[in-house]
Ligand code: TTP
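As a starting point, one isolated chain is supplied in structure tokens, in the form predicted on its own.
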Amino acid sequence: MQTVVLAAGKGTRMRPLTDRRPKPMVPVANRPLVAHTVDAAVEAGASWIFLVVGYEAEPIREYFGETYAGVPITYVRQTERLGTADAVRAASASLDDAPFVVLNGDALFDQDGLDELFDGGPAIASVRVDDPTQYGVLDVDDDTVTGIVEKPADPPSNLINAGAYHFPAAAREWLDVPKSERGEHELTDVVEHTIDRVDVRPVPLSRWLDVGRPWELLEANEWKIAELADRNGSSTDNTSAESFDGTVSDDATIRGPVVVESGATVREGVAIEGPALIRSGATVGPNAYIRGTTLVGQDASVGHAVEVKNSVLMAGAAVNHLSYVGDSILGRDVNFGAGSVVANLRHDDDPVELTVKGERVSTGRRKFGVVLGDDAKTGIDTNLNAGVTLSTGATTKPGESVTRDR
């Protein structure tokens, strides 16, 4: 099945984590976000992948190359970000006159559901949510999609569009849709054309995640690290160094599913309570504590008397002395000065808010810490309040209490 994967967006809602990388390349467990989508597509039966790229495309090209998992890759450049229908239209000239699948490259899909989508079309992936008013909502009659309504105040169902589509070959001729009110050519309008012409079935997904904002990146890692660790990690209460590909001290205590990659080092006195992933080149310890679902990225370091809970430390991040990081995301090459502490809980117990495109937005999470862009640095004894964002390259002074973004 020829498969178009949309990976051209800037990821403005994910900033500052996307200041220097495309959103599809943010890390989720042991590979970039979009690699999970492509891997799932290959397993479902993709015979050719068409990656639509735009902003900061080179890292995507370098990662996937000309073939990936035995499947050829064709790169299609979307020169202007004019919407999802425009992105598919850019790829359409490369497609054969046959059915095709389109996947959002910034979403995670359960494998069984994606398998069913690939098995037969026309079809659209769907998932049930508690509050459908912020999504495209499907109207379904007798197992056939009869309409799709964007962000309705009175939704016809709680079944939403999950951003995965199996189109008939004829849909290549239906991609030239007018701009929407927000000035983009929307793929949902192409879906409407398809619904008007052929029967489209909804394919239910048991699990799905749209990864658009930092706390959703944290959730994506919670999903995929647990999945990876359950499959490849240590067994409960396994403290044998021989159970890991990396170097683990006999004096370390490891409980639950944990993966320590080849080239990673876990030193004496370390306690890790999985799920956790310690990537190649990373160093943990001595005398550090990692718990919750945590990613310690390639060449990152967690040092003496440091606790990291349920967080993502990207490549090269360093938290080396007497610090606490909880429910947070640290970008590449972030450096925590000794004694830096993250707050991750509001006194009123309301969900923590984070700034997204200039507005404070609820994360929906009772516990959420901070987001630090690449190369941010804290001075010694810095306190960072829950919901603070430090931009790329930002710094703090020794002893500061940071309660606002910078």
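Here the structure is a predicted model, which means the values were calculated and not measured. In this text, residue numbers run from 1 along the sequence as written.
There is also a form predicted together with the ligand; it is not shown, and the following applies to it.
You can rule out all but one of 279-287, 114-122, 80-88, 301-309: in the model of the complex, only 80-88 has residues with a heavy atom within 4.5 Å of the ligand. At the 4.5 Å threshold, heavy atoms of Gly331 stay clear of the ligand in the model of the complex, well away from it. Remark: Arg20 does not count among the residues lining the ligand in the model of the complex, judged by a heavy atom distance of 4.5 Å or less. Interface residue remark: Pro16 is not counted as part of the site for the ligand in the model of the complex, having no heavy atom within 4.5 Å. The closest heavy atom approach of Gly105 to the ligand in the model of the complex falls within 4.5 Å.
Taking the ligand as it sits in the model of the complex, the stretch 284-323 never comes within 4.5 angstroms of it through any non-hydrogen atom.
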